[in-house]
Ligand SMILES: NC(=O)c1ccc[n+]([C@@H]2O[C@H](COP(=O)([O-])OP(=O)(O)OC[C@H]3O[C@@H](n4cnc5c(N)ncnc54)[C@H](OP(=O)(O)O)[C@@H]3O)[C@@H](O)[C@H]2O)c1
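Next up is one chain by itself, shown in structure tokens, the form predicted on its own.
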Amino acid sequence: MDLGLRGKKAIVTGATRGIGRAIVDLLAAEGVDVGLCARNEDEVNDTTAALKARGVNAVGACVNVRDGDGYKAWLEKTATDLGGCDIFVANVSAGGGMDSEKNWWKNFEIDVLHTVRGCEALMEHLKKSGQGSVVIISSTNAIETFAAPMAYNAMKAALITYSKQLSQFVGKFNVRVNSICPGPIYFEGGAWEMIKGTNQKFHDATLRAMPNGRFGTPDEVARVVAFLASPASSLVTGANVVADNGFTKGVRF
């Protein structure tokens, strides 16, 4: 299937490792020009060079999304450098943690505010696209009880509601908005590799909950994101797509 992505312009946050890196790699392979950010300058430079080697335009910068003004300035500059923005993938996350109240502020600022600010800053560009698409990365932690009550789970749930309501608000401008809930995803340097080393029992119990006995991979999530971002999914907006390898057990009609 031709996803119709070639020549599109995408901006992806947190795109040098894990799911974010898999997303920009796949988009570039599909012929998409990509703007990306992350916190590590060396990783940004390496990723940008790798994407350019695929023959697309790629621009990257070291950005702290908690700096609202700096983040919004980067978004506008990147859209200008790319010649527009057809796709925005909000991927950055603060991750889990429940050691203090600071986790709630951190997850609010990074997971929620970074997404809202990104959508607002890029919306005029997405409207001009005529086929604008926003994909928000949530988590299965948002839709079922998991581990413990923590800010990550609650803020990821907030993103699903925001995604649905935003889709209704901007649909008249031919901008689609969807969210995706990945289940446990294993990759080198990722959270589940760390959990395996620090809490083997929890890791193994989670693995046993997978019907086919394996974790998901960043590449598998990236393929779902690419479809949702593409004109091939023109009928899909306001959806929350669960990509969890059967990990969650709830029935959703």
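No experiment lies behind these values; they were computed from the predicted model shown. Residue positions are given as counts along the sequence shown, with the first one as 1.
Although it is not shown, the form predicted in complex with the ligand is what the next lines describe.
Asker: Of Ala151, Met123, Ile110, Leu82, which residue is found within 4.5 angstroms of the ligand in the predicted bound form when only non-hydrogen atoms are counted?
Answerer: By the 4.5 Å heavy-atom cutoff, the listed residue in contact is Ile110.
Asker: Considering non-hydrogen atoms and a 4.5 Å limit, does the ligand approach Val177 in the predicted bound form?
Answerer: Outside the cut-off, so no.
Asker: Spell out, yes or no, whether the shortest heavy atom distance between Phe227 and the ligand in the predicted bound form is within 4.5 Å.
Answerer: Residue-level check for Phe227: no, no contact with the ligand.
Asker: Is Val24 close enough to the ligand in the predicted bound form to count, meaning some heavy atom within 4.5 Å?
Answerer: Judged by the heavy-atom cut-off of 4.5 Å, Val24 is well away from the ligand in the predicted bound form.
Asker: Report yes if any heavy atom of Arg39 sits within 4.5 Å of a heavy atom of the ligand in the predicted bound form; otherwise report no.
Answerer: Close contact exists here: in the predicted bound form, Arg39 approaches the ligand to within 4.5 Å, heavy atoms only.
Asker: Quick one: find which of 126-134, 152-160, 97-105, 169-177 has residues within 4.5 Å of the ligand in the predicted bound form by heavy atom distance.
Answerer: Among the candidates, contact is made by 152-160.
Asker: Between 69-102 and the ligand in the predicted bound form, list the residues on our side with a heavy atom within 4.5 Å.
Answerer: Heavy-atom contacts to the ligand in the predicted bound form: Asn91, Val92, Ser93.
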